[in-house]
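Given next, in structure tokens, is a single chain: the form predicted alone.
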């Protein structure tokens, strides 16, 4: 059964894939067959549908979450002999170590200056990206609403949503490209500075402003999502409310502030929380543009670095970062779900 549990060759992997497909077809066929059998109890059919989903969630989500939480409390510690000296493994010639439960990983995350920088950067991302992307999307939706070029204007802003995070990061990396003063600039941002008579600027490696230049990329991507949702919400505002407000003398910005924004408030909150959740998981932009260097790393990127780049010694810290990220996301998700229910109830 080694070929099935731990496939190594291409042939073994193909066999595992074939077995998985056959099992999937067999299970689905059995479920569909059971539906048409009146003698089959309802609970059996329900179990047939829900069971595979619950099993997949348990294996693919619950077990990794539990394992990560356990790893976050584990620290590698040298094994000491009766004489108080480290025990040397005779086969490897290295010090023997064992995993012990400790809060050291969490203590390190909150006390180490490097990790504190990561947490501060993540906080900046979560504060700035949702607020600015939502504000830009809302203002843009109001400005282009019912205009002659509304569809074209919306398509322009929504276009970045169709680009992958990596693709958007590469585009902006070219925008921020730096060449020394006197050399031809190929980056749009530095070319604008040169045209204004200023020196070229290293946007991606100059701390602390490089973090804000990375944040701009995420705002550029998410503004289209915000604009789309909020534009639909604005169009759903009843005309009688607008007309009543106009009869009372509310026009222009006053109408927007007193009538439109309060009416679409649940949609605004949903957009804010949805973008906040996406921002907490921001990884691609940082990884592609700076690799987390020059003080730009965020929690998701640092989790990857510690877990997969630092060897066994970084697994515990990476797990602790993942748990912290998970804890931060939970209340945002709960609030988002509650607001989405309110939006559904108002329709």
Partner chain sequence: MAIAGISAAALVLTACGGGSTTPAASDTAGAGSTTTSGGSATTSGSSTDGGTVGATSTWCEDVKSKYGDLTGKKVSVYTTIVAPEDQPYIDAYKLFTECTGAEVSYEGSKEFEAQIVVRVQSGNPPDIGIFPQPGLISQLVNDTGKVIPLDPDVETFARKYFPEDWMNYGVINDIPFGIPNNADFKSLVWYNTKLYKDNGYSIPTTWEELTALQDKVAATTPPWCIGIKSGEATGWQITDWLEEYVLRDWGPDVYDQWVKHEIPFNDPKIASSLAEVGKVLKDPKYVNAGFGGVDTIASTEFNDPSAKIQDGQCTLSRQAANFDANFKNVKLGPDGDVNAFYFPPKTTDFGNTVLGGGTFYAQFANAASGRPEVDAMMYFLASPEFANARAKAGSWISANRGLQASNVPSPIQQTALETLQKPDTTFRFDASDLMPAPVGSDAEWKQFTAWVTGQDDQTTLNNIEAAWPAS
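If you're wondering where the values come from, they're calculated on a predicted model, not measured in any experiment. Heads up, when I say rigid core I mean the largest set of C-alphas that superpose within 1.5 Å between the two forms. Residue numbers count along the first chain shown, from 1.
Note that the form predicted together with its partner chain isn't included here; everything after this is about it.
With its partner chain omitted here, the record of contacts in the predicted complex names 297-305 of 27-35, 297-305, 66-74, 47-55, defined by a heavy atom within 4.5 Å. Taking non-hydrogen atoms only, residue 164 never approaches its partner chain to within 4.5 angstroms in the predicted complex. Shown alone here, residue 225 lies farther than 4.5 Å from its partner chain in the predicted complex, counting heavy atoms only. Taking the partner from elsewhere, residue 151 is found to have every heavy atom lying beyond 4.5 Å of its partner chain in the predicted complex. Contact between residue 39 and its partner chain in the predicted complex is not found at the 4.5 Å heavy atom cutoff. In the predicted complex, its partner chain lies within 4.5 angstroms of at least one heavy atom of each of the following residues of 281-313: 287, 290, 291, 293, 294, 302, 304, 305, 306, 308, 309, 310, 311, 312, in sequence order. Comparing the forms between this form and the one not shown on their rigid core, the Cα displacement of residue 93 reaches 2 Å or more.
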